[in-house]
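Here you get one chain, nothing else, as structure tokens; it is the form predicted on its own.
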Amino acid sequence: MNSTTSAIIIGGGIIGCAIASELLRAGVRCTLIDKGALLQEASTAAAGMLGAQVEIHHPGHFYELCRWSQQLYREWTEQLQRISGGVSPQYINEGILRTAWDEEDERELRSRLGWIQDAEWLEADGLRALEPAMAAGIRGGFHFPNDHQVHPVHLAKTLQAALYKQGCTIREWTPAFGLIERGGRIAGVRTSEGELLADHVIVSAGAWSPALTAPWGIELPMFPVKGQCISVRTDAPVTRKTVFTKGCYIIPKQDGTYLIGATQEEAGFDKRCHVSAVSALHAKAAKLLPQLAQAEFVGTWAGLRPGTRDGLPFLGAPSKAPGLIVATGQFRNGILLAPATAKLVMQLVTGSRTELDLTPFHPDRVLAAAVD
């Protein structure tokens, strides 16, 4: 790739930062802009689960995208850590246990046995053999040894340090007001600091993306989904692995805290936390791990995840706007999908063949659905 090729990435979350880093490694000059500070929205309000198996309920293109990204993850984070100068994303490879409390939940989980990969079904005694702190009464569940985790805040620090080391031009507190067209192509963006021009413009602004694409006839049916989480601390470790049941997951972090999440609420752009959500999450967590009943409360927060009506991200170059690439709508899988999304966008920018077929995720699928 010619080093004079340039790109502007709109959106400084995990997806936008991952894309910028991947493009810089490919020799593309990058400017990354965000309406606020980098990595301050859904990216660091997340749990950090790399749950390609545990969170996907049916086979298909999205499942394959998640699995591929999961397979890239360890090498990707190791590379970022080297580039950053040693800042660790706290990658933990202890796996996830997904438990069932009732017959209906067990039946749904067992229905995945025909297509799920890298998993084993364990009865209740087998699960408690792996994590003895789990409560009596569980019916059994899956052990996903390859569903790992990172710490979202530390991953953000690693990525940000890597971008500075790579020479990325970063413009925080620089809202994008609209896209610029020159010669029949999207050639830049109007910002609070003036016009910025580049060969490629990449929209990865999460739930705020549709406002930028709609004036160009590119409708992205997206909506913010509020997710509330809480953090607690115990006097001694309770589990090593992430434990997950319907409506609740508990993730042990290296600092001795446990992240418990997460709600799913369509509440517009409201990020306020509510006592009812916090208490409900803690009750579910303490039911699964009784030792958490007396845990110290550390904090609570909420993030706005970019949901789509068909449950698939938007990833590709819209036919209506040459020069534009869309990479958004990853919902609650943004951290998991960061390396795969970055690699695919790099392949689009450099004119390489993409390693996965993007048709199921293409922004033009909305146009096709409207015609049908």
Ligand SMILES: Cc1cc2nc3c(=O)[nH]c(=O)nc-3n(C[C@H](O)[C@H](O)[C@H](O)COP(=O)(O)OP(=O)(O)OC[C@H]3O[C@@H](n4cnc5c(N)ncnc54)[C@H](O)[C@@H]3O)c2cc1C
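Don't overthink the numbering: it's just position in the shown sequence, from 1. All values reported here derive from a predicted model rather than from experimental measurement.
Form predicted in complex with the ligand: not shown, discussed below.
Residue contact with the ligand in the predicted bound form: residue 212 places a heavy atom within 4.5 Å of it.
Heavy atoms of residue 10 reach within 4.5 Å of the ligand in the predicted bound form, making it an interface residue.
Proximity of residue 35 to the ligand in the predicted bound form falls within the 4.5 Å heavy atom cutoff.
A residue is said to contact a partner when one of its heavy atoms sits within 4.5 Å of a partner heavy atom; residue 221 fails this definition for the ligand in the predicted bound form, lying far away. Interface residue among 290, 175, 256, 140 relative to the ligand in the predicted bound form, by the heavy atom within 4.5 Å criterion: 175. Proximity to the ligand in the predicted bound form, taken as a non-hydrogen atom within 4.5 angstroms, holds for one residue of 308, 70, 333, 31, which is 333. The putative spot formed by 59, 313 and 358 is not touched by the ligand in the predicted bound form; no residue has a non-hydrogen atom within 4.5 angstroms of it. None of 103-111, 132-140, 179-187, 296-304 except one has non-hydrogen atoms within 4.5 angstroms of the ligand in the predicted bound form; the exception is 296-304.
For the partner-free chain shown, 41, 42, 43, 45, 46, 47, 48, 49 of 41-74 come within 4.5 angstroms of the ligand in the predicted bound form, judged by any non-hydrogen atom.
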